[in-house]
Each structure stands twice: as structure tokens, then as C-alpha cells.
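Next up is one chain by itself, shown in C-alpha cells, the form predicted alone.
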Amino acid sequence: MDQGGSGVSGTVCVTGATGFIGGHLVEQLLARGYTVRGTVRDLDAAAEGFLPELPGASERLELVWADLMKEGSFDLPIEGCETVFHVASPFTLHANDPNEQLIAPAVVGTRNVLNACARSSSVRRVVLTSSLAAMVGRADGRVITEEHWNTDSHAGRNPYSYAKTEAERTAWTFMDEEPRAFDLVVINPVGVFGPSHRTSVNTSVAYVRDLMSGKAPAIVDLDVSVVDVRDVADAHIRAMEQPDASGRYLCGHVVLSSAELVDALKAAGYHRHRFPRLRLDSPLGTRVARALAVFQPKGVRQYAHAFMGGRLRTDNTRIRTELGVEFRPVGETLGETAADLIEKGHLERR
């Protein structure tokens, strides 16, 4: 493996380069000297977006069209790359057609990318972006580690979690089907926060926006797992650069209750915002909140029933000890998340 940070010249491929994680991954790869081939679904939009403005992009970034649902479309972007970061996958809790919007792109897309890697003469490692959702489907107090798999979700209940679970299982099954010329390392991020290169708001960050804008009616008993998007990108690169990296890595920093999340945002200097005054983070409040969730979209309602009122616990020992990932302070992450929301006009300045 090429080692980053010291004038490296290796070419790597990043699928979903315009995404929340993908954009930061491309930025850090360029900063460490890599040449990056980023796949996008809309070349014209990507060419007018943030990617060409990243430092080093004019010399070492190539944008190439590919579609998760188009078999063979990743052959050209991947050929000549020693490492492929498969980051592209839809993320939303609510989908009108879960199979079309979530499950097929995640599962079929993963197999299409891996098929392209298998046809390539250059690929030696694939780093796959999975999720904590592939490890746990409900908050039941267990300490979640890399040994855990989500067995609670299915296409009709929490389809996003099911999609991530099935996509990762597809990847491991693919690796077991026959000997491959490359190995597979999986990063499983928890809720991803931090500043974004994009103008849109991802699902995790939307929770911060809702808590600060008055859209969230109450503080509920919901544990929130937090990791900074920049640390997630760093973890992916470490998974590439360390030859002995293997298996799955739970990528999470801390778990906060919703009340602790609000307190952290206030402590970061945003106490003037319209945080909820109503507290429904008691056992009785949870029953009320679950009843009120009937008015939410189906996916949001299912997530609330799976995680509200339960304890979410995670163990990040493996990613810290084996990959050497160091997580930035959660107050910094949340403070910069809020600042970015204000800068992009998603929150009013107070």
C-alpha cells in the first residue's frame, strides 16, 4: 500500500465523491498527496460544485460518471486504482419505495462495485463505508462491537438499517465466494456530524437543525451516537494505509442523550437558539412521544419505536487501538455543525 502524507502518487477511487463523507474523504486524500478518481451520477453538477475547488483538485482529481444500478459503469473509474473506497449509498429514514430508493442501490450497488474490482488488474483493497445501522437495530443496552449484526430490521421495518446490513453482508459474501486479488476492510460510522461541503443537510445533522430551530417539539429519551465526519474520513484512509487492517471497525466517538446533546450545543455558544422547552425524556414522556410519532413519516416512526427509551452503547476500542484513530472533542464537532448550518442558511443567526 502507498503511504499517505509524504508525497505519495498512488491513484485511488472514491464512489459517491459528492456526498457528506465522500467530500471530506476526497479532500483529505488530496491533502495527503493521492490522485483521486471520484465517481458521480451527474458530471455537470459535480463540475460546478465544491470538488473542483478543493486544494489539489486541479492537479489530482478526476471526476467520472458511474451509476450504482448500472453493471459495468464502475469498470473505467476503478481500473488503475490500487484502493477503492465505496462510500456511495442513499441515507434517509423515510422512503416512499424502500426497495427502489434504499435497498437496491445499497445492495446492487455494492455488488456492482465489487464486480468491477474483481475485473480490475490493479485493485488490492476495498474500503467499504457501512454503518452502525448494520450492527444494531434497536437500543437495548448492549455494548455494540464489531461482532454484532443488526437482526431486527427488515424491508418493512427500518429499511435504511436493513439496506446497510444487507449491503455489508453482500460484500462479505462476495469475498467468501472465491479467492479475490483484493481484501476488504469495512468502516461502520455512527451518527455523522460536522461541517459539510454540501449545501444540503444530511439526516444526522438535520436532527441538530431541528433541535435548534424550534422544529423539534420536545427533548425525548433518544441516545445519539456522535462522530465527526472528518474523523470518519481519516479512519477510511488509515484503513487503506495500514497493511494489517482487516474486518470491521466501529467508528464512533461518544453517545449522548438528546438532553446532553442540547447542553453541548448550548455550551458551544448557541444557547440563544430555539431549543425545545418540553421534556419528554422520562418513561411517561417516552410513551407520549411514541404515541405522537404516529404523525411522523413511517420510517421516522419506526426509528423512534426502535431507539426511544432505550440505551445505546458502543465500544470503539478496535478502531482506536488498531487504526490509531483519535476523535476530536464532541463540543468542537457539534459547535462546528451548528456554525455550518448557520453559514449555509439552514439556521438563523442568534
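Quick caveat: nothing in here was measured; it's all calculated off a predicted structure. Sequential numbering from 1, following the sequence displayed.
There is another form of the same protein, the form predicted in complex with a small molecule; it is not shown, and what comes next is about it.
Shown alone, this chain has one stretch from 157-165, 142-150, 206-214, 268-276 that lies within 4.5 Å of the small molecule in the model of the complex by heavy atoms: 157-165. The shortest heavy atom separation between L250 and the small molecule in the model of the complex exceeds 4.5 Å. Among heavy atoms of R60, none comes within 4.5 Å of the small molecule in the model of the complex. With a 4.5 Å cutoff on heavy atoms, G137 does not count as touching the small molecule in the model of the complex; it lies far away. Contact annotation for R180: none of its heavy atoms lies within 4.5 Å of the small molecule in the model of the complex.
The candidate spot formed by T18, S131 and R198 lies fully in contact with the small molecule in the model of the complex, as each residue has a heavy atom within 4.5 Å of it.
Proximity to the small molecule in the model of the complex, taken as a non-hydrogen atom within 4.5 angstroms, holds for one residue of E322, D281, D315, D67, which is D67. V87 is the sole member of C117, V87, A235, V220 with a non-hydrogen atom within 4.5 Å of the small molecule in the model of the complex.
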